[in-house]
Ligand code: NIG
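The chain below stands alone and is given in structure tokens; this is the form predicted on its own.
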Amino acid sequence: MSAPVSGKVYRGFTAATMVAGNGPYGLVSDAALAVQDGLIAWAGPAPDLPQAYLDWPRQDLGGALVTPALIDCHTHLVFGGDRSNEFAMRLGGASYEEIARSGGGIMSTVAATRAASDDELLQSALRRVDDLMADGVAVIEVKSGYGLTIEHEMRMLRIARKIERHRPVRICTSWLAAHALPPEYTGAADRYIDEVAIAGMEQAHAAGLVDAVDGFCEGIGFNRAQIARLFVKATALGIPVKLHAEQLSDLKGAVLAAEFGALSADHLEYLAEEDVPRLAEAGLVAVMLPGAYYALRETQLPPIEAMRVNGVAMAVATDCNPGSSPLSSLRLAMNMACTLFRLTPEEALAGTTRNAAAALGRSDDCGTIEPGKRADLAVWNVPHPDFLSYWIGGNLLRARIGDGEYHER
């Protein structure tokens, strides 16, 4: 007879389970959690712990708050160089579009990224990953988009995938070749979409490097027809799509994303209120990126109340990048989402857990504390989940539970 299989039980904590419909934050004040083989086997009030788990090894968490590990569902954190000079230019009155059209912006990062070695790109990315991990993050989406050739775009995704070998995080990769038009394709955006964005996507998909396909639908990016051609091919390959939309103007990119059943539309400052029901009908997640709004000193707010009324799930992410959002703290993004966009603290935490998981197509295995999900959790030295959005900075994370195992910060 084989020995009985056992796992581990955690007790003595308050759980913000983030399970929808279970009251504010899905809060359980005297909680217990049973984990086995890296998965949550049971979660609920400690007095209700089933008999089957009573003999398992236990660990008391001393009254801590436990949440699902946080998820940063929109980053560009593999890049070369920096754009600190543009910060001064914006303070002097230059707009994001003016900087981009004068040769700065994305193209300056493309040049620095192409020139950097693989190790330089990886090591700089790991520093930003460490920042995110200090905020309780265990899942990170990483986009390409700073290579703009097939070779360099695929190189970015390979480097992003290497992060998992060096840090206990999970990486989701997005093909973002349709990010900007490189100088060698000036005046030939349609040809670039065919020869690089689509052809490269096919190669990267065949190499197993692509979890989703993204694009930048904007006046300084690509138009709806060009993005649609990219999405048609991605859909034929069975790759989920998402889109940078309505950041600087209303080109109806979010409507296009909804038509293709996209996982998410991101930014959305210029989203028209009359288009919000289309997003709700499609089940698309609206990803709020307050770091870019703040850094660009934007004044046009996303239609938060319309999304709230229509039941559009809202996620929150850092948009970590060297130009428009030099931000590597997801908790600060949560605070900005509350103070600038008027999300509630509960909406901000849902936006970095449950809704962020949906924005990555990962709702089946992360984002909430419930049986069957991965036992990836954040253990906090705070009295209430509101604190995570309220307190700016500081070391609030006590420990991480990864694959069910407890790790002191």
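Don't overthink the numbering: it's just position in the shown sequence, from 1. In this text, all values refer to a predicted model and were calculated from it rather than measured experimentally.
We do not show the form predicted together with N-(iminomethyl)-L-glutamic acid (NIG), though everything after this point is about it.
Participant: Go through Phe260, Tyr270, Tyr192, Phe216 and name the one with a heavy atom inside 4.5 Å of N-(iminomethyl)-L-glutamic acid (NIG) in the model of the complex.
Facilitator: Comparing distances to N-(iminomethyl)-L-glutamic acid (NIG) in the model of the complex, the residue within 4.5 Å is Phe216.
Participant: Go through Arg170, Arg158, Arg128, Arg83 and name the one with a heavy atom inside 4.5 Å of N-(iminomethyl)-L-glutamic acid (NIG) in the model of the complex.
Facilitator: Looking at the other structure, the residue within range turns out to be Arg83.
Participant: Answer yes if any heavy atom of Met336 is within 4.5 Å of a heavy atom of N-(iminomethyl)-L-glutamic acid (NIG) in the model of the complex; otherwise answer no.
Facilitator: Contact with N-(iminomethyl)-L-glutamic acid (NIG), no.
Participant: Even though N-(iminomethyl)-L-glutamic acid (NIG) is not shown here, does Asp319 get within 4.5 Å of it in the model of the complex, heavy atoms only?
Facilitator: Answer yes; at least one heavy atom of Asp319 falls within 4.5 Å of N-(iminomethyl)-L-glutamic acid (NIG) in the model of the complex.
Participant: Evaluate Gly136 for contact with N-(iminomethyl)-L-glutamic acid (NIG) in the model of the complex, applying a 4.5 angstroms cut-off between non-hydrogen atoms, and reply yes or no.
Facilitator: It does not: once N-(iminomethyl)-L-glutamic acid (NIG) is placed as it appears in the model of the complex, Gly136 has no heavy atom within 4.5 Å of it.
Participant: Should Ala265 be counted as a contact of N-(iminomethyl)-L-glutamic acid (NIG) in the model of the complex, where contact means heavy atoms within 4.5 Å?
Facilitator: Ala265 lies outside the contact set for N-(iminomethyl)-L-glutamic acid (NIG).
Participant: Quick one: Pro68, Arg331 and Tyr390 and N-(iminomethyl)-L-glutamic acid (NIG) in the model of the complex, is every residue within 4.5 Å by at least one heavy atom?
Facilitator: Spot residues vs N-(iminomethyl)-L-glutamic acid (NIG): no contact at all.
Participant: Only one of these stretches, 300-308, 70-78, 229-237, 198-206, has heavy atoms within 4.5 Å of N-(iminomethyl)-L-glutamic acid (NIG) in the model of the complex; which one is it?
Facilitator: Among the listed stretches, the partner-contacting one is 70-78.
Participant: Is any part of 234-266 within 4.5 angstroms of N-(iminomethyl)-L-glutamic acid (NIG) in the model of the complex by a non-hydrogen atom, and which residues would that be?
Facilitator: Read in sequence order, the residues that approach N-(iminomethyl)-L-glutamic acid (NIG) (within 4.5 Å, in the model of the complex) are His244, Gln247.
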